[in-house]
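We've got the same protein chain twice here, in two forms, each standing alone as structure tokens: structure 1 and structure 2.
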Structure 1
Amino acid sequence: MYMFKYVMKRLGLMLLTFCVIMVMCFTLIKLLPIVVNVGADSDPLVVYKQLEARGYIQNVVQGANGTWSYDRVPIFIQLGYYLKRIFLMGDFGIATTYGEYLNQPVWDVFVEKLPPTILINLYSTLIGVPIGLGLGILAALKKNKWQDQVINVFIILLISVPAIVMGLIIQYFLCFKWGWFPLTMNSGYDYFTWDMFRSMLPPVLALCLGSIAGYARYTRAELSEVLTNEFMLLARTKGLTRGQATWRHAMRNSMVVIFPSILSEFISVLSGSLIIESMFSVPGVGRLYLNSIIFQDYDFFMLLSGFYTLVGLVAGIVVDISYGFIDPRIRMGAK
């Protein structure tokens, strides 16, 4: 019951924060001048009427010399329309200026772009977690021996080299110089073919090297601290082998800290890495976001901003809550 109350409180606060941020974003983006994208082959009247129908502008009038004039709908009324459409119809708007997806529902485009981003991050987590944990455990068990030193150097190198440089190194050597992988990710929707997997590997590698180092560092620090505890000595004296003691007692205790970090990383990878996505031309959400900025497409911008904000918030809250679930001794939010 106590836990339930705490979770509810955190969720409520999160929702409040989310709403405030979204209203701020909406207001700020709507304060900008409206971009009216009248293509060469489209009728201005249709474009203006569409904008009017979406509730962005009103009183559209064509002047004598062919110029169009209109009034803007007050922002809070627009916000009302926007929320009404989302909650009553599940309609997140249509692309009004983003050339490639003009007049397409932004939600559909977003869902279509989500799989590459998620897959790449999923693979990177799947590769990164076992290797990272393994290295961390090894380093903690062999603390201050040469294995530990080597792993430490490896960790500090991988953590320090920025993703942008890591991506470049991988792209230059693996993709270009040695030709093991294609330079950029394949486009298309067959995500589970071998070819696609191969073209996904460079961005996956670029992403997971950093997280391997992160996990390894975390595991090493936690585990080596737990290993010095007295209950470890007790475990050995009651006859457990070193492996058993480490696995059953030390690992379980250090997981209290390690697991939430994996969880949070897993959630935050949903939003992906803009750098890696743009470097390897991954047809994912990142590119969508960058282009929505360039084209100033309101609905895309709002949807993706909401997505990124939500992912960040959820990752934070999940970490906090999971502490309490994993280790009943921890009473979150207790005085």
Structure 2
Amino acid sequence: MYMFKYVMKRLGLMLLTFCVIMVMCFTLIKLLPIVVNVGADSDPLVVYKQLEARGYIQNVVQGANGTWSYDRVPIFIQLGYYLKRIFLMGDFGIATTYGEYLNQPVWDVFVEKLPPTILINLYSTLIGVPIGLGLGILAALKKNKWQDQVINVFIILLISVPAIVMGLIIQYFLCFKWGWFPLTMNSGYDYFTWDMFRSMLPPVLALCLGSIAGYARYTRAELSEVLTNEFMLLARTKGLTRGQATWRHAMRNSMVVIFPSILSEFISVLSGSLIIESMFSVPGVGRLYLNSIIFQDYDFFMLLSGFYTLVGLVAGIVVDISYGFIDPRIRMGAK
């Protein structure tokens, strides 16, 4: 019952935080100038009337010199229209300035671009977590030996190099110089073929190498401390082998700190993929997010900001709930 109340409380706080962030984003972008993207064969009146129909502006008038004037609808009235369209009609808006997707529903474009982003982040996590944990465990068990020194040098090098520089190195050596992978991700929707997976590996490596170093550093630091605690000596005197004591006691205590670091690294990878997707031409939402800012397409910006904000907030809740399952002492303390 306590865990249920705690989860409900955290969900309520998450929803409140999400609403506050999104209202702030909506208010701030509505203070910016309204950008109208009109093609050579397009009628500006149609574009302005479209914005008027969506509740952004009103009283549109064309001046004698060809310029257009209008009155802004108050921001919180615009917010009411926006929420009404989302909850009653499932309408998250249409692209008004993003030329490639002009007049297309932003939700449809978002759903189309979501799989590549999910896959490269998922592959990055699946590759990075076991390798990083394995290196960290090995470094802790071989502390101050040559294996530990080699792993520490490897960790320092990877942490020191930003993901964008790592991406350039991967592009030059693995893609251009040695020709192991294509320079950019393949187009198409056959995401689970070998050719598509091979084209995804360069951005995946650019994202996961830094994460491997982070996982290894956290694991080594925490496991090294736990291995020196007195309860480990007690476990050995009760007849457990070093491997049994490490696995049953040291690793479980270490995971209280390591597991949240895994989720925080996943969030940093997700945000880092904004740049990596552009570098490797990944047709995902990260690239879409950056372009929505460049083109000042506000409906795209609101939807994608909500997506990234929600991912970060949900990850925080998962971290908090995971403590109770990883360490029973936390559940016992709650009672």
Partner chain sequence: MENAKNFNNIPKEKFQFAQKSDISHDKKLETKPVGYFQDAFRRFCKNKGAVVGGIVILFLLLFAIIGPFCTPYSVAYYDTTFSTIEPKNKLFENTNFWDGCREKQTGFTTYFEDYAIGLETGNPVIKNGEYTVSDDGVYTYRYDTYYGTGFGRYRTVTMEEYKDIQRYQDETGRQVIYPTVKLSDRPQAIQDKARANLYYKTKTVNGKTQPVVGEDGNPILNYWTYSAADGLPSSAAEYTSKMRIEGENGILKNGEQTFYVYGRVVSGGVELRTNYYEYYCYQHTQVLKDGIEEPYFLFGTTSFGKDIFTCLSSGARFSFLFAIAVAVVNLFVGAIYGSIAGYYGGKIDLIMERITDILGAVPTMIIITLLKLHMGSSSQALVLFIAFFMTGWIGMSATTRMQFYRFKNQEYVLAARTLGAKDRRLMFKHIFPNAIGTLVTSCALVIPSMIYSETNLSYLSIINLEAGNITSVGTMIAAGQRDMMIAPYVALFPSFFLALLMLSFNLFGNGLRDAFNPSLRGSEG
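Reference numbering: structure 1, starting with residue 1. Because the structure is predicted, anything quoted here is derived from the model rather than measured. Take the two forms, superpose them, and find the largest set of C-alpha atoms that agree within 1.5 Å; that set is the rigid core.
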Inset, instruction - Of structures 1 and 2, select the one representing the form predicted in complex with its partner chain. - result: 1
Legend entry - Hinge rotation between structure 1 and structure 2 - smaller rigid part turning relative to the larger, in degrees: 9
Inset, instruction - Enter the rigid core superposed C-alpha shift of R10 between structure 1 and structure 2, rounded to one decimal in Å. - result: 4.0
